[in-house]
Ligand SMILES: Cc1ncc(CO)c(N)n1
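Before any questions on how it binds or moves, here is one chain, the form predicted alone, in structure tokens.
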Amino acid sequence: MEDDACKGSGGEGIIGTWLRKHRLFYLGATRHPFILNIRDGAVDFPSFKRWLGQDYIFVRAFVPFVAALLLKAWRDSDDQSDIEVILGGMAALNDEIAWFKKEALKWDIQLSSIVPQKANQDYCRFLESLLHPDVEYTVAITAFWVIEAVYQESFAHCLEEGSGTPPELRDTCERWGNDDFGKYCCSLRKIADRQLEKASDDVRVKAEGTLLYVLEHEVAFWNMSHGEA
């Protein structure tokens, strides 16, 4: 799993400790029935289409969050390479939005008519709360890492040997489950761990709480897509 793959020689770091501490929550987000159904070839395609439309809305709300994170990195990071890593992720969002539009055409989804469901609205409001200048860079980069890592681990699971992922959904799984995206997530985790190591106890508490909030929102988003909410 990703928490083992990203450890490195310096130990598991604060994030590794948190992932062990909150392992059930993390597994709930990365091994959700929605994902397991894709992996097992038992996915309900209307559920997938629901996820696709809702995630398009979420990604558009994700852009200003990443833009604000760039400003925080410019202001507060002690390593300017952070900006390059985050900027790479932001550039990829343009391709991601184009990908959603292409997939919507394939699945006959009218993106302009999609209404955000409650779980999506709640998640987008949470992202908006992280835009505030008073939110510490350490807290925001921790949120960014876990948001990306949940998708990477979830969809990589659908590509593992023996999976029964339908051919129609392999492109989706490869988009987030590929090795390059996994390496990118590891880069984000290293940044977050470096920030956490030097953070005050108060900021660490906020960052840990934010990690749990992200996992909670991710599960709610999967539930919504799965038709459970």
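One rule holds for the numbers: they count along the sequence shown, beginning at 1. Fair warning: this is a prediction, and the values are worked out from it, not measured in the lab.
Keep in mind that the form predicted in complex with this ligand is not shown, yet the notes after this line are about it.
Residue 59 is the only one of 70, 203, 59, 186 with a heavy atom lying within 4.5 Å of this ligand in the predicted bound form.
Contact with this ligand in the predicted bound form, defined as a heavy atom within 4.5 Å, holds for exactly one of 176, 26, 65, 48, namely 176. Heavy atoms of residue 148 reach within 4.5 Å of this ligand in the predicted bound form, making it an interface residue. Residue contact with this ligand in the predicted bound form: residue 208 places no heavy atom within 4.5 Å of it.
When contacts are judged by a 4.5 Å heavy atom cut-off, residue 193 does not count as touching this ligand in the predicted bound form.
In the predicted bound form, this ligand sits within 4.5 Å of a heavy atom of residue 96. Looking at 37-45, 164-172, 194-202, 51-59, the stretch with residues near this ligand in the predicted bound form, meaning non-hydrogen atoms within 4.5 angstroms, turns out to be 51-59. Along 103-130, one residue reaches a heavy atom to within 4.5 Å of this ligand in the predicted bound form: 123.
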